[in-house]
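The chain below stands alone and is given in structure tokens; this is the form predicted alone.
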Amino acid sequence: MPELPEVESVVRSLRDGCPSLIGARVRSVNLVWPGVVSSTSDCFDEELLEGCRFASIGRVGKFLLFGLKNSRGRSLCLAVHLRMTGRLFLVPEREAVERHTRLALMLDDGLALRFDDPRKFGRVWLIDDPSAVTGGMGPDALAVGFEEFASRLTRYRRQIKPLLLDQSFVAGIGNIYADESLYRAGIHPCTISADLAPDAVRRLHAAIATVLSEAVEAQGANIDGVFKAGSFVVSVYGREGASCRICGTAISKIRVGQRGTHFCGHCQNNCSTSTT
């Protein structure tokens, strides 16, 4: 599933690429599969989208947020969640619509913004206020400071792996980067959050920031061929039975909070919990 680094790479490619989506005007809309529109979308109307210009492109957690202005000056937000297999990219408008295309926005410069999703889990929203989809989320995992992270951590007594996946705790971390961050921090995924010693909390916060930053620069991880440009090298995720890159111990896989979880039993041995 695309996580924060993969979504951030999409933001940067559309915002900072050549051509940039910023300033482009939507000429027409092809809603190939109506199910791609979330049932909670405020006002998804193809005619409302037509004529809008892209004013901004951002991200909160795993949500892509496109700021739009229509011809009457009304501000709208097109929110997109890629879920497991969603892809969002610019192509020449004349390029044939593929069988997995769910939504295409034809632009006034001969390009089209397309949302492809083989498994049909991704969703889009057209809303007035981005908080309609981001309001219940915690701070962005790439931006949360240590004091806020530590303060939020003390509110819970849960296994640390499921807590990191909870988007109301911090936004943007999924299965890949939870495993990678816990490995970097030397913390077992079953450790109870309230039992983490202060130095372990600091290590975990630093590991999350480092792993996510490295992954963003690498354009994410190419897992299952979805993000082909991604070059982030995983240390534990998906490496069950392979040797730990630090100690040589075989990487283990267990289920924690109903999610497949990879870790090194030697490097992540729970030695970082509080003794008080």
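Since we're looking at a predicted model, the values are computed, not measured. In case it trips you up, residue 1 is the first one in the sequence shown, and so on.
Keep in mind that the form predicted together with the DNA is missing from the display, and what follows is about it.
Judged by heavy atoms within 4.5 Å of the DNA in the predicted bound form, the contact stretch among the candidates 116 to 124, 138 to 146, 182 to 190, 89 to 97 is 116 to 124.
The contact residue chosen from 84, 197, 206, 150 relative to the DNA in the predicted bound form is 84, the criterion being a non-hydrogen atom within 4.5 angstroms. Residue contact check for residue 3: one or more of its heavy atoms lie within 4.5 Å of the DNA in the predicted bound form. Remark: residue 44 does not count among the residues lining the DNA in the predicted bound form, judged by a heavy atom distance of 4.5 Å or less. When the DNA is considered in the predicted bound form, residue 72 lies well away from it, no heavy atom lying within 4.5 Å.
In the predicted bound form, none of the heavy atoms of residue 130 sits within 4.5 Å of a heavy atom of the DNA. Along 161 to 176, these residues reach a heavy atom to within 4.5 Å of the DNA in the predicted bound form: 165, 167, 174, 175.
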